[in-house]
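Okay, here we've got a single chain as structure tokens, the form predicted alone, with questions on binding and movement later.
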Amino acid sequence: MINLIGSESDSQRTLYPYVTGTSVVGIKYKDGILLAADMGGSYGSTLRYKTVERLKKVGKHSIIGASGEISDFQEIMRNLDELILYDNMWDDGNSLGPKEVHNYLTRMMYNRRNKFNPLWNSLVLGGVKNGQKYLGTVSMIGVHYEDNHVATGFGNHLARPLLRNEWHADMTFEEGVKLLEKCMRVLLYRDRSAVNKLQIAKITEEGVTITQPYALKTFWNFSAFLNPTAGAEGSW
């Protein structure tokens, strides 16, 4: 007899993301790669969590940042940990570089999309291996590309214009951090899901460094903030 109601053992799908993180911004600089992300985790429109780390080390040569569903990001990290462990077990003196990890992520995201069970994330993957810098991104349906600067979420709309105007290939570490902080400050002003608590990750040939969480200096007394409807004519 066919069970039309279904059972508890039926496969489940992520129909809607619940706890989500917002933008990740990444750039190449003179010595390596920099990524920035805040630590907010939103439950719907509520900023429920403020200690969510969305920048992680992957193997010896890569770092990853994630927007979107936090639990799906944890699943992605579990898969990456297994990938890196399997690679290390060969003990052949070689290790996966950022390009290989990025290709793996694009296949994983596209595979899950084809099963109509996507991992609800947009990812940024950066790294340095053999002197070659690599920075790429992949969406929840497997759309991917490599560039000198990338961003996810609102950052794709608000931070990328700043990066196009001010990024240059020979940026120092200090200049790169200053540019990322400018992007994160604009996102803090304009993105309701952003929080003023961020981390910046750096990767060079020497390894990975992720800063302790810190807050940006902000200014909220702009006239447009104090009276946002001034000069806005209309039926309201």
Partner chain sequence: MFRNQYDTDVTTWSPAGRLFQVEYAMEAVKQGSAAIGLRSKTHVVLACVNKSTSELSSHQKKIFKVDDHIGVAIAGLTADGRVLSRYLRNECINYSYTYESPLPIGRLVVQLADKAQVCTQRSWKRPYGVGLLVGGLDESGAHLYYNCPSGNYFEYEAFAIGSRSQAAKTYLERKFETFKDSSRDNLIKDALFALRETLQGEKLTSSVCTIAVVGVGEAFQILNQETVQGLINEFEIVGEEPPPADEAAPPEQGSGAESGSSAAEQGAAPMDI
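Because the structure is predicted, anything quoted here is derived from the model rather than measured. Residue numbers count along the first chain shown, from 1.
Separately, the form predicted together with the partner chain exists; it is not shown, and the next lines address it.
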| item | value |
| --- | --- |
| Exercise: Leu96 in contact with the partner chain in the predicted bound form, heavy atom 4.5 Å | yes |
| Touches the partner chain in the predicted bound form: Asn130 (any heavy atom, 4.5 Å) | yes |
| Leu83 within 4.5 Å of the partner chain in the predicted bound form, heavy atoms | yes |
| Partner proximity in the predicted bound form: Asn103 to the partner chain, non-hydrogen atom cutoff 4.5 Å | yes |
| Joint contact, Glu174, Arg185 and Asp191 to the partner chain in the predicted bound form, by non-hydrogen atom at 4.5 Å | no |
| Stretch 60-93 - residues with a heavy atom within 4.5 Å of the partner chain in the predicted bound form | Leu83, Asp87, Trp90, Asp92, Gly93 |
